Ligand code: PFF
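Let's start with one chain on its own, the form predicted alone, as structure tokens.
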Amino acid sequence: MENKNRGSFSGSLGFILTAVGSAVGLGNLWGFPYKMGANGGFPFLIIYLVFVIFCGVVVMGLEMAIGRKTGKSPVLAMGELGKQYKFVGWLSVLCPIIISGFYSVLIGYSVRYAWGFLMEIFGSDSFGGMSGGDFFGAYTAEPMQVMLFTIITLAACGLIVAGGIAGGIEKFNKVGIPGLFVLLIVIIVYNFTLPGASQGLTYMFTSKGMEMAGTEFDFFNACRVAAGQMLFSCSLGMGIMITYGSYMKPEESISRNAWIIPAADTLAAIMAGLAIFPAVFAQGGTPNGGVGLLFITMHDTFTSMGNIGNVIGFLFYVLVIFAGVSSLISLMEVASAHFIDSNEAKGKPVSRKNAVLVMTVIIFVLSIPVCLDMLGGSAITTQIPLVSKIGCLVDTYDFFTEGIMMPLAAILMCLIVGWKKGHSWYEEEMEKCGNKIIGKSFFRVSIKYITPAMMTFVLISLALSYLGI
């Protein structure tokens, strides 16, 4: 019997926009620009594109095929391939839950900044006249205020997910994703009018980027960061595309979507760079501003523009909120779908609303330590050896998910399907309803050899980096 709490997409456009919405998030607007800035600019972009093609497209197609063929969420889907493979599904379910624990906090930051610039437009001194660094430090040092905006974020996303696939998640993305790209274009066009903005283009698209940022290029570190960023940004290795694949209609072309979604995600990442770097250089800022690039550097940039800066700042952070929410609802859907499916399998059906409520509470509990950590400023969390070595709880959550769980899940899925189940297993699903596999030989070679080899390289590189080698 079909589980009425699961739902499905209304059509091709709804699926693509939702999948793109999942991929286009803070990984693009927050992660990609600052990681690109810290890893050499243009050379990093080239490495990133290589990982998108040989890993992103491949794992994207494989996950969607697994999801649609089994019609189940990650744990039960991997169990269909063999009970011994359920642990891979658990990796894919736990990963988005952990990510949501810090992702919701970061979106909450953006809500506070959007509200602040809106108030500035109407003459209220919402930032207290402080510089970007001073305000960011003051805000993150107030855990209760951070927690409040995190609750607002989770409540809004919970309501969207509770609305179901077509009525909630798809409906939001049909408006939010086109709106996101429109806002990006508006900000990019405005940035190009700023004096000195062309330096941002030079930084992003020429080999002079490293000199301008004052950084040395480390190939192995750039590969590790690019691979992790690609998995995080494309929503791979975290069960999202398996879950969304389970909602796909049989006539949908999996291979076509496997190329379209990473391409749209990469376009959004590059556009995010164009929305940030020209403005940063125009105001004399530094492109390798780290995590604070989105909140400190951009705050100073908008403030220095005068009244128009308040408007652009408000639009920019609304853009960040759209991008963040579109991804967070996907993360929450994976956890909720697992809760619904697992209870259904036990003969204890649970409503979507109750499943979403349970997962929202769990995610909020995980976010509390992140709020209290104050991005490494807490005297309590810094006493934890692992956290202190990595930097802060946000980085620690990111280390385990983006650094270990996601590439490991991608490797194992490729090995299980490529070497155990065989190519015919996923090709039969991808060729349903007369669809053709775009790059059939490419998928075959990559799933079996190239993708697992590249992901293994990433894991080894991470281990050596952590050991200081």
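Nothing here was measured: the structure is a model prediction, and the numbers come from that model. In this text, residue numbers run from 1 along the sequence as written.
The discussion below concerns the form predicted together with the ligand, not included here.
*asked:* Just to confirm the contact call: exactly one of 64-72, 440-448, 422-430, 26-34 touches the ligand in the model of the complex at a 4.5 Å heavy atom cutoff, so which is it?
replied: Careful reading of the contacts points to 26-34.
_Whether S22 contacts the ligand in the model of the complex should be assessed with a 4.5 Å heavy atom distance threshold; does it?_
Judged by the heavy-atom cut-off of 4.5 Å, S22 is in contact with the ligand in the model of the complex.
_4.5 Å heavy atom contact, F232 and the ligand in the model of the complex_ = Yes, F232 sits close enough to the ligand in the model of the complex that at least one of its heavy atoms falls within 4.5 Å.
*Report yes if any heavy atom of I240 sits within 4.5 Å of a heavy atom of the ligand in the model of the complex; otherwise report no.*
Yes, contact at 4.5 Å.
*Contact flag, I99 vs the ligand in the model of the complex, heavy atom cut 4.5 Å*: Yes, contact at 4.5 Å.
*From the list L331, A227, A337, A279, which entry has a heavy atom within 4.5 Å of the ligand in the model of the complex?*
It is L331 that has a heavy atom within 4.5 Å of the partner.
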